[in-house]
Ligand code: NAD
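Presented as C-alpha cells, the chain that follows is alone, the form predicted alone.
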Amino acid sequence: MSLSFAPETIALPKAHFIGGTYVEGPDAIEVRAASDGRALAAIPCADAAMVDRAVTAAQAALRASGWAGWQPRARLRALYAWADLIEGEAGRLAQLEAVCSSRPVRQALEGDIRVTAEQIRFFAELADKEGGDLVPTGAGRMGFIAAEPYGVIGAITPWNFPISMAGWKLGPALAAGNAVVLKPSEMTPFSTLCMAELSVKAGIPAGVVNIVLGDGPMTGAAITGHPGIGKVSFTGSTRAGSAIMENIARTGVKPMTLELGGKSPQVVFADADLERAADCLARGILPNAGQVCVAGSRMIVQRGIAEALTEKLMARFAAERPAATWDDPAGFSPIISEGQLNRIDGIVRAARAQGGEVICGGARFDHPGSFYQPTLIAGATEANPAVTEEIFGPVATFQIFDTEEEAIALAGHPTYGLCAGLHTRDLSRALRMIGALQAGTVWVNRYGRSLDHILPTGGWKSSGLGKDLGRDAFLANRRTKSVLIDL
C-alpha cells in the first residue's frame, strides 16, 4: 500500500505545549518543507518569559503528581503506554515527520517511529533496575549512595531525526523521574508536539513533558540559562554546543550532555569483504543525504583495493534518485534547506579548488527542491576542507593508504572523535585499530547503530560530552547523594 500523501492535507500542531495544553504565541518563524521549499506553517518563538512558564509548569507538575516518587513500575507502565500510543499513531507521526524534514514517510513509519517507541520501552525498564548503593563503612555506621532525579531537564533536539532524537532525550529523563522542557528544531517541530500530546493520553502527568518552540539564540539560550533547569541535554553541531557551554558557564554551573559534530573515518583494509565494505561505506553517507552526525564521510582505503572499491561506490552513488519525502516509494532525501545546500556546494567547490578531484556528483540534482547529488572526492589532502569540515551532506572523501600506521594517521582528526568504521578479516589488526582510533564508537565490518539500545553513544574531543542511549543515559539523568549515619 502506498504511503504517499499531500502535504496540504495534514493538520499541523503549531503552538507550544505547556502543562498539558497548547499555548498560542505570535507567529515568528516560518516552517518550510525540505522537499520543495513550500511554506507549511508559522510557529511562535518562545522568549525567556515563555520558557519560564514552561519550567514553572514542569516544577508544579512534579510537585502535584509526585512523578519522581511514583513506584518505579508505575512509571514504567506509563512509559510503556506512551510507547504503545506512539506505535498506534505511527501513520500520523510519520506524516508529521516527513512533511517538513528530510525523512521519507516510509522510512519514518517503518524505522524512526518504531525505534523511538522501543527506545522508550528500553529506558522504562531501567526505572526499577537502577538505584543507589549500600556501601561498606566502619562499625556503628551506615553509608549509602542515594540516586535522585535532577528535577527539570532542559533538552534541545536537531532537525535531522526529529522524533527519534526527542525519544533519546525524553525516555531516560522521564524514566529517571524528571520532568522535561524540550525545544525541537524550529525547522521540524510537528512530530515532537504530537509525541507530547500522546504522553498525557498515556497517563504521564500533564506538565511533565513540555515543548517550547523557537530558535537557538532566544529560546535555546533561555532554556540552558534558566536557573530552574537542573541539567541540559543537547544534540547538534559542535559550534552550537560550544555556545551552550558558554551560556551555562555565564548563567550558572549545571551538568550537560552534548552529542555534537563528527567527521568519521571508515578504514578499509585489503583483506575486507569488498562487496560488504562497499555497502557499509555507502550506508555511512547516503541515508538521509548524509545529514547524520555519525556519517562515515572519510573513506580511507588500502591501495590494492582502491580502484575496485571506487567503482562499486560510484555505481551505488549514481543509482540514487531524489523524491519528495511525502512520496512512496522513497527516494534520495532532500537537503533540509536551500541555505544548507549552498553551504554543501560551497565546500565542494572549495575542495575542488584546493586540489580535490570530484569523481562523481558535485552538483545539485536537476530536480525541484533542495537535492544534492551523492559526491565522492578523491585526492584531497588532510588540509582540504572536504576532509576537515563537517559538511552534513552526501559528500565523502576517498583517501588511499599503504600501511596500518598510515591508516591510523589518516583516520585521526584534530577536532572530531564521534565514530569510526573498520573493515578487515584480521582479528588482531581489528583489536589494534580499535585501540588506536580516537572515537567514542567503533564499528567493525558494519557501519551504523543496531537496535541494541544498551550501547551508549557519544563522542570524544569536540564531538561531545557524556552519553546518549544505554544505561549511561539513564544514569546521566540522576544525581547522587552520599549519606553517612552514625547508629
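Numbering starts at 1 and runs along the sequence shown. As the structure is a computational prediction, the values presented were derived from the model and not from experiment.
There is another form of this protein, the form predicted in complex with ligand NAD, and it is not shown here; the text below is about that form.
Considering ligand NAD in the predicted bound form, find the one stretch among 394 to 402, 359 to 367, 242 to 250, 171 to 179 with heavy atoms no farther than 4.5 Å from it. Single hit among the candidates: 242 to 250.
Non-hydrogen atom within 4.5 Å of ligand NAD in the predicted bound form for each of Trp159, Ser185 and Cys293: Heavy-atom distance to ligand NAD in the predicted bound form: all three under 4.5 Å.
Position in contact with ligand NAD when the complex is considered in the predicted bound form, options Asp345, Asp328, Glu320, Glu390, heavy atoms within 4.5 Å: Answer to the contact question: Glu390.
Of the options Met165, Ile285, Ile300, Ala108, which one has a non-hydrogen atom that comes within 4.5 Å of ligand NAD in the predicted bound form? Flagged contact: Met165.
Touches ligand NAD in the predicted bound form: Ser237 (any heavy atom, 4.5 Å): So Ser237 counts as contacting ligand NAD.
Should Ala221 be counted as a contact of ligand NAD in the predicted bound form, where contact means heavy atoms within 4.5 Å? Yes, Ala221 is a contact residue.
Although ligand NAD is absent from this view, report whether Asp215 comes within 4.5 Å of it in the predicted bound form, heavy atoms only. Output for Asp215 is yes: heavy atoms within 4.5 Å of ligand NAD.
Would Gly262 show up as a contact with ligand NAD in the predicted bound form if we use heavy atoms at 4.5 Å? Output for Gly262 is yes: heavy atoms within 4.5 Å of ligand NAD.
Need the contact residues for 416 to 430: heavy atom within 4.5 Å of ligand NAD in the predicted bound form, sequence order, or none if there are none. Going through 416 to 430 in order - heavy atoms within 4.5 Å of ligand NAD in the predicted bound form - there is one hit, Leu418.
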